[in-house]
Every structure is written in C-alpha cells, then in structure tokens.
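Coming up is one lone chain in structure tokens, specifically the form predicted on its own.
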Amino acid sequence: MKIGFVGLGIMGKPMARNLLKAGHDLFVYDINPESVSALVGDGAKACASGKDAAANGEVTITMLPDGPDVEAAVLGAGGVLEGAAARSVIVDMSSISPIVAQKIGAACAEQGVDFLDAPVSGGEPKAVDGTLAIMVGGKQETFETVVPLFKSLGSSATLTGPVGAGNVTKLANQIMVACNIAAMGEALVLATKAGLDPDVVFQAVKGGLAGSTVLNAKAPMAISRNFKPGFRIKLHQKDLRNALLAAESLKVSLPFTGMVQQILISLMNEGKGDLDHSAIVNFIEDMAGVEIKKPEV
C-alpha cells in the first residue's frame, strides 16, 4: 500500500521502518528534518507537509505527542485532511483525549474520509520489534481495510468500539501501567530498605500473581538505574490527565490515578519529565531515602 506517515519520534520512527520492511511505499513528514532524512535513508519518500504525505497515501498514519498536535497536523492549514482523498483512511495512532479523537473523526466524515483512532501500548521496544498492542475505535469495514498494516506494527489489533473507543481503552491501559509501576516502586523500596537484593525479590515474585509485563519490563530498569526513555514521564502524565478529564465528564472517581498523576507532576517539576516512566520509583525512593539497587558487596 501507499502510506502517508506523519510524526517520526521515539515511537513513529520504528513504526515507519516496520512498514517499510513490510514492503509498503511510505511518504513521510515531520517537523524535524533530521527525522525525515533518517527515514529517507531507509527508503521512504520525503514530503513537505502533512497534506503532501496524505495526498500520496491510500492510508495516512499520524503518531504525535498529544491532542493539540494531532488537531494541528490533521485539521490545520497544510494538514493531512487537506490532502486526503475521499474514501481514503486517516489513522491516528497517538494517545489523545477521546473527545479530541471524536472531533477529528467528525471533521473527516464531513469530507468523506474514514477515520480510526488507534493508540498503541508497548513503548519503544515493542515499536521496534513490531509487537505493539493496538486499540482501535471506528467502523468495522474501515478497521478491516487497515488490519494488514496493523499486522506489520503489532502483535494484536482490537476494534473496541466507535471512534474514541480506542483512546478510552488506551487510557484504561495507562492507568493500569502507571499504578503498577508505582506499586512496584513501593515494593522494591521496602525490600531494599530491609536489606534484601531487589533483583532477588523480583525474580522470586515475577512467576506468581504479582508478575506482569510491566514488572518484567520496568523492575530491571529501576534496579540497574537505567531510565533511558522508552515512554517519557511527561507523556504518561498527559495520558493520566486525559483519563482524569474523561472521568470527570463521566462522573467517575479515579483516586489512584489522581495520586500517580501528582507523582508524575512532581517528577516533571524536578526536571525528570524526559526520563522513562519507570522513574516513577524515584518519587518513592526520595520519600524513603533509599535507592532501589543491588547491595554493595
């Protein structure tokens, strides 16, 4: 297929590369020329705007930081919707507010363009190896059109409901991930403070009920003091903010989500917004006065 791709950041760049590896023709645009050049070196064709990328693609994918970025890239001057032909498909794979996704979907429908909101989970490692979990909102027939592309990007793609449902599902995912990391931090801080090797504790519990994909991915990072971003704190804070705004509109109380969001804001105020979200443990470490790390011999 001919695919437009807008947004070549930490997630977008490896996703675009996987589409190239699958044999698709890729037309790429990003506000960072270096990111575009990197993909051109892999075989993509550079575009001057989102409009240009969409004009060349049967399907156009956007992968951007937040709702305002997606609105500007899709609905703004020179944006994707200006270049999209009737009956083509725009797939936003960013994590944004469901309300914003519905607004963009409605604007697309007015011009006869199909729209899916399809946020992903798995961070940079799974973006690189093409095993993302993809949560989709939109029409069944549009979903089926794009499934072959999803198979190049993820290990699963699930249609969860109409436009906006993909991002509601992603917010649910982000709540569980954030609270899981915070709980892991408390547990490993306790173990370390008690004089235990946190890696031994991790190995002991990961096969039991406390085991999870989050634990397996983030405990080794915390123990080795590796907070290189796969998914940044500031982006996770954005997701929890969107979850709380959605919860307010639905009159749903999310007490644990609210607490972890405050932790993320505190870490951002300390200049840690660009660290991996595994650095949630830093907040708990600071309160306890102990670092999660193997004991010195």
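Residue numbers run from 1 along the displayed sequence. Nothing here was measured: the structure is a model prediction, and the numbers come from that model.
What comes next is about the form predicted in complex with a small molecule, which does not appear here.
The listed set Ala222, Val120, Val163, Ala84 contains one residue whose heavy atoms approach the small molecule in the predicted complex to within 4.5 Å, identified as Val120. Though the small molecule is absent from this view, in the predicted complex it lies within 4.5 Å of a heavy atom of just one residue from Ser253, Asn32, Ser249, Asn269, which is Asn32.
Using a 4.5 angstroms threshold between heavy atoms, Pro65 counts as touching the small molecule in the predicted complex. Within this chain, Ile292 is remote from the site of the small molecule in the predicted complex, having no heavy atom within 4.5 Å.
Though the partner is left out of this view, Phe27 does not reach within 4.5 Å of the small molecule in the predicted complex, counting heavy atoms only.
Using a 4.5 Å cutoff between non-hydrogen atoms, Ile10 counts as a contact of the small molecule in the predicted complex. For the three marked residues, Ser94, Gly230 and Lys238, a heavy atom of each sits within 4.5 Å of the small molecule in the predicted complex.
Annotated contact segment (heavy atom within 4.5 Å of the small molecule in the predicted complex): 69-77, selected among 195-203, 103-111, 140-148, 69-77.
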